[in-house]
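One chain follows as structure tokens, the form predicted alone.
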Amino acid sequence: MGERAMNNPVQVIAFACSPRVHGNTDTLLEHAIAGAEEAGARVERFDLRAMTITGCRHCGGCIGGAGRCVIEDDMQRLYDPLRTADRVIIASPLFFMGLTAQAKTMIDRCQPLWAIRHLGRSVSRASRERAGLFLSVGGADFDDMFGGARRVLRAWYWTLEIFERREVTRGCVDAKGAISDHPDALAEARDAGRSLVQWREG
């Protein structure tokens, strides 16, 4: 590990977005976090199912409030980490070919950060170039099954100024615990967490 990494570890935030505790994406996330920690990162995990985050009201308050949301709930805990983290991991299964309600509500409430970007200012307060990792499973195996989620994440990543974007996704994973039948996916998630941290750290 380099001197910079020892004195200034990579800061990672990880979002568990499944409503199901210990589900398949939770398991993928645990492996990715393990890989990130092996690479020397400091990881902060947020389980969105345990947080109270209400939907965006589209009230415009964040425009007049210089990028601060007027709704006082658990989302307020996320704005600073969303701006300061070096790496962002989001784990969500597919529901109706898209992100879960927990994930989408959190992303919608990033409207204040979009307002900052739209006004030509920088959202990122990270000490490094930022990178993101998407972890997901779906019960089917359609062509472009993850396309809807990717389109939402593309806009979210742009808002957060994340331009290095990676993913680990698997189809035909539905029943709770089914990801254990895909040890290659678990190994890939661990490697992805490690390489995400090590990106541009050499």
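Start at 1 and count along the sequence shown; that's the residue number. All of these numbers come straight from a predicted model, not from anything done at the bench.
Not on display, but discussed next: the form predicted in complex with a small molecule.
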Looking at 115-123, 68-76, 96-104, 82-90, which stretch has residues with any non-hydrogen atom within 4.5 Å of the small molecule in the model of the complex? 96-104
Scan Glu44, Asp174, Glu38, Glu164 and let me know which has any heavy atom within 4.5 Å of the small molecule in the model of the complex. Asp174
Just to confirm, with a 4.5 Å cut-off on non-hydrogen atoms, which of Ile33, Val137, Leu48, Cys62 contacts the small molecule in the model of the complex? Val137
Run the contact test on Gln111, Ala149 and Thr159 with a 4.5 Å heavy atom cut-off to the small molecule in the model of the complex and return yes or no. no
Indicate whether Cys56 is a 4.5 Å heavy atom neighbour of the small molecule in the model of the complex. no
